[in-house]
Structure formats: C-alpha cells, structure tokens
Ligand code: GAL
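Next up: a single chain in structure tokens, the form predicted on its own.
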Amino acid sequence: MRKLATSMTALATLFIATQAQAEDVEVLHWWTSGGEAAALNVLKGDLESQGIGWQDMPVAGGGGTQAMTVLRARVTAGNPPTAVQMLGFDILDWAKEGALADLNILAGMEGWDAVVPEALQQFAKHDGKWVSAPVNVHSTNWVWANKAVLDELGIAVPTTWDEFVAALEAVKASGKTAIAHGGQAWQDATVFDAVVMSTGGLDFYKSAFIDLDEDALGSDTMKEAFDRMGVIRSYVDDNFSGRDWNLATAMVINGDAAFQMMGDWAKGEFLNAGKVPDQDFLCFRFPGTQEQVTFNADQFAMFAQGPEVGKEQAALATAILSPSFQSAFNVVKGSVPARTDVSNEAFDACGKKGMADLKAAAASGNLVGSMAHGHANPASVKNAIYDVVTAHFNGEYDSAAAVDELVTAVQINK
C-alpha cells in the first residue's frame, strides 16, 4: 500500500497547496435519486468554495453493485477515480489489494479516532490505517408510512409482527397497495435483514449472518423468516419487479401505498417532496426490532494515485469529516452523522430519533452491521444470500428449499 508523506510539515504544505492549486476530483457514486442528489450537492458546494471542481461519475443502482462493476473496470484499465463511494467489506477488499491511499496522518491531525464510532472504524481502517472517510451512518431496519392512509384506515403504528400483518390486511382490503417494494436483489435482502432480526432476535441474526453458523442458517427459525417473507410478498403489487427503490418511496409519498421497508435514505425522498415527518409520513423500526439497529455507512475511499495522498483527496476527506458538513449533509440525506460530536439541533423528528436509536444501540451492544448492505459478511457471501432470498421472493423456492439453498450457498462462498 502506498504511503502518505512522513511528516506533519509535509502534510501542512499539502493543505496550503490544496487551496492554491486544487484541481478537480472525479467521484464515482450511486447517489442518483432526487434526495440523494440534493445531499451530494452539499459536498460539491463545500469543495467548490475551496476552488475544487467536481467531476461527477454517477452509476445508477441503489445497492452499489453496478458501481463496483464499473470501478473494477476502471482500476483494471489503470485509471481509478479520485474517490469512490463504498460500503463495508468492499472497502476492506480494495484495501487488501493495496489500492487505497493511506489517510493516517490526516486522520491523526483531525482526531478521527476520537469521534468516529468503533463499529464504523472496523470498515474505514485496514491494518490500523485509515483508508476511507465515513460520510454517515444509515440504519436499514426502518418502515416508512403514509400518515394520511394510516389515519384514514384507523391503523396505529404496529409494534409486533401480528400487528403489522393486520395493518397490511386492512390496507389491502381498502384497495390500496399495502407494501411499496422494488424487486431488486438488494431491496429484497434489505427486507429480509429486518425480517430475520424480528423473527430470531439479535443473537440469531449475528449467528446466521456474521458468524455464518450453519445451524442458524438451516434452522426452523430461518424457515419462519422465509415464511414471513412470503407473507410480505402477498402484500406487494404485481408491478414490483425491477422497480427502483425511490419509485417505491414515491408510491408511499403519493398515498398509493401505505408502507415501505427501506433504509433511512428513503427519508431524503420525502423531504425532497416537501413532506414533514410526523405530519405527512411516519418512521418507525420494523416491528420486533425496536431495540436494535442494523447499519451501513457510506464512505469515500481514496484510491492511491502516487506515493502521497493527493491534495484534492485530502481536501475531500477533510470536507467529509468536518462537523458542519456532517450535519448539513445528513440533514438532507436522511442518515445520521458518522461523528458522535455533531449536534442534533438541525435534524427533524426522524433524524433525532435515528441519532438517539444509534447512540442507544451502540451503548447496549445492539448495533450490528447489515447483511444486505455489505456490513455483515464479504461480498461473495452477501451476493450468494441475495440470490437465494430473491429466488424465494419470486416463487422459485418454498421456504424449506430456501433454507437448504441458503446453507449450501454460504458453505460454497464463505
């Protein structure tokens, strides 16, 4: 892995050069929806104020799978972008290849170790060295609801699986779509994440998706989780296949559907549409996971482009970890700051709840990486689980067969 400048003086000189001679940064990302683009503009504006241009390289696809394919082609061609949005084990995989710049001196100067939660540092560091800059913490076990639809039907926020099924049935009986969903593998897995946690609890989730314990993967509890996925499938409209996540969110925003199970990036779509939490829409944890938080964290990994970290890369990383940016960006994005010392004053009701939930989960040991979003196991395992979950959701397997396929898929790919 390439090394940073070996002295604080050299890095200070680098920052001076950044201001005077800054060039463009080319950033590969998958933030292409309206709410995501609005959030990204916060970062673009911050850099532009420093005289740093932004070369946008968006690759549509909410889970980032397509973006990683494009990235691999760019790196293979010897032309990596300046920075790349990444998640979890993808960061560590590139770091192991020696492809990422060493940000340790910068991190030390700016005190990242003291303000970034340890759970995030596990994915931002490799061999004790910082290789990426965390932008946010997303939690993935949220449900989003159209308040007017629920009020009209007299539905209270469900707190148990049975209450949730009763609410879904009431919506379906009214002629509306109960669950807005996009039939893409990462979306199916996002729902499965929450369903498994709700069905088996935190310890079961860890055993199955982090420890990859075959007894947990092949258990009756896992079969019940697949059974519940079948119930959810029965409340999804017929046109779900291939639908982008933000189009599913729009169904809830417009009152065409009551609920969506999606990470807190969905909130950005509600805000971008002028909607207000607790007035127009509701946010709550998937029933049965109220005390837990499954998370992912968007980070920007800096690809090594020479013996020292590039001046534009240093400026980008500094901008990302600044408290002012962490607040401004996450207020728009729907996520919560990657720093623990950022005030919640600017955040709305859902944002304040998210920050409080994250703090409580981290303190109680109930904060766990999301399987669906690359923070529980390596990409090879995650993608194998994707295939089984999606095949079951589309009716290719019954629950018993899905359990058998899940065990086999994990065995082969771990």
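None of the values given here were measured: they were computed from a predicted structure. From 1 onward, residues are counted along the sequence shown.
Another form exists, predicted in complex with the ligand; not displayed. Remarks below refer to it.
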Even though the ligand is not shown here, does F192 get within 4.5 Å of it in the model of the complex, heavy atoms only? no
Does any part of E36 reach within 4.5 Å of the ligand in the model of the complex? Heavy atoms only, please. yes
So in the model of the complex, does F270 come within 4.5 Å of the ligand, heavy atom to heavy atom? no
Report whether the minimum heavy atom distance between W30 and the ligand in the model of the complex is within 4.5 Å. yes
Candidate spot G63, W186 and N296, all three in 4.5 Å heavy atom range of the ligand in the model of the complex? yes
Listed residue that, although the ligand is not shown, lies within 4.5 Å of it in the model of the complex (heavy atoms), from N146, Q292, N330, Q85: Q85
Looking at F281, W245, W130, W94, which has any heavy atom no more than 4.5 Å from the ligand in the model of the complex? W245
Looking at 104 to 112, 271 to 279, 236 to 244, 85 to 93, which stretch has residues with any non-hydrogen atom within 4.5 Å of the ligand in the model of the complex? 85 to 93
Go through 351 to 371 residue by residue and record those having a heavy atom within 4.5 Å of the ligand in the model of the complex; state none if no residue qualifies. none
